[in-house]
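Shown next as structure tokens: one chain only, the form predicted on its own.
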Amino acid sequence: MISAFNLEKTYYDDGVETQALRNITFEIKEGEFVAIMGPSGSGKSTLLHILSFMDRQSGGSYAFSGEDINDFSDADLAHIRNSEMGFVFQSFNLLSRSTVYENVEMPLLYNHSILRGKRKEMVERAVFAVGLPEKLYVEAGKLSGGQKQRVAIARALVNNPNVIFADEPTGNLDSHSGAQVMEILEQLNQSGHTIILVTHETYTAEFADRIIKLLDGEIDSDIRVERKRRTKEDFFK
């Protein structure tokens, strides 16, 4: 699904050159659960932005579903991003005064081929999948942090994307809520979704079956791990 070869990213600010990524080469197959780890400034967020079409690399190549992204316009990439990718962020990025239904429906509004009745079915299915059907018409601002992140996952899920990018999804949550979020991501992966998780938390990364560690903009290690079934109680150890 994803193939990166010698990816590089360089930023220029007032004549100062900063190389954020260098020599990044790896492949991610459909259905994998991959965690990207690294200390602050290691380049993990920059890499996520490139993989999710929010930014372009400065050098090297990146292919998504066998297609080189350099062959696509920004409009093409935006279309692919909306139809084939879902996003979960640390800060939730919900509209507080809009209902859960309205927040989850938002990605569907950009696809004019989906009729209103079908949108309703898709939204309800996504909200049910994260265990919040009773909150469907509650304003997002009235939810707890854990519930907000579950709504964010429902929004990421509503288009039935091939890949879900999760950027520090438990960073603003307590242990109990974090466990619920990670269990949902694990279930989504088991149902066939590719999950790419950026995290600085070792325990969270262990939900993945592969961990890529970055250091100073380069891959320090890329290892497969044996995923173990965890319980909510494990988060309190």
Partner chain sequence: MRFRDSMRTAVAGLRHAKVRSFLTMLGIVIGIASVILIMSIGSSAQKYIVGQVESFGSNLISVQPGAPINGTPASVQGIIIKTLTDRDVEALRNEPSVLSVAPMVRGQARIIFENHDTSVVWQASSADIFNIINLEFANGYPFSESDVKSYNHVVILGSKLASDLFEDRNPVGKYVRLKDMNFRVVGVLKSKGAGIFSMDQVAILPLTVGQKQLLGIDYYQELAIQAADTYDVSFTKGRITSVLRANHRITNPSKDDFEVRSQEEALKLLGNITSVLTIFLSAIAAISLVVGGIGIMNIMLVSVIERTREIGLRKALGATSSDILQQFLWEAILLTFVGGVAGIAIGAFFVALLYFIMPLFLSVGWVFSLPISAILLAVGVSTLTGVVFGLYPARQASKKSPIEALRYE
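Positions refer to the first chain, counted from 1. Because the structure is predicted, anything quoted here is derived from the model rather than measured.
Beyond the structure shown, there is the form predicted together with the partner chain, which is absent from this document and is the topic of what follows.
Contact check for Arg119: a heavy atom falls within 4.5 Å of the partner chain in the predicted bound form. With a 4.5 Å cutoff on heavy atoms, Arg155 counts as touching the partner chain in the predicted bound form. Remark: Met54 counts among the residues lining the partner chain in the predicted bound form, judged by a heavy atom distance of 4.5 Å or less. In the predicted bound form, none of the heavy atoms of Lys135 sits within 4.5 Å of a heavy atom of the partner chain. Candidate site formed by Tyr11, Phe89 and Met106: every one of these residues places a non-hydrogen atom within 4.5 angstroms of the partner chain in the predicted bound form. Of the residues in 80-96, those that come within 4.5 Å of the partner chain in the predicted bound form through at least one heavy atom are, in sequence order, Arg81, Asn82, Phe87, Phe89, Ser91, Asn93, Leu95.
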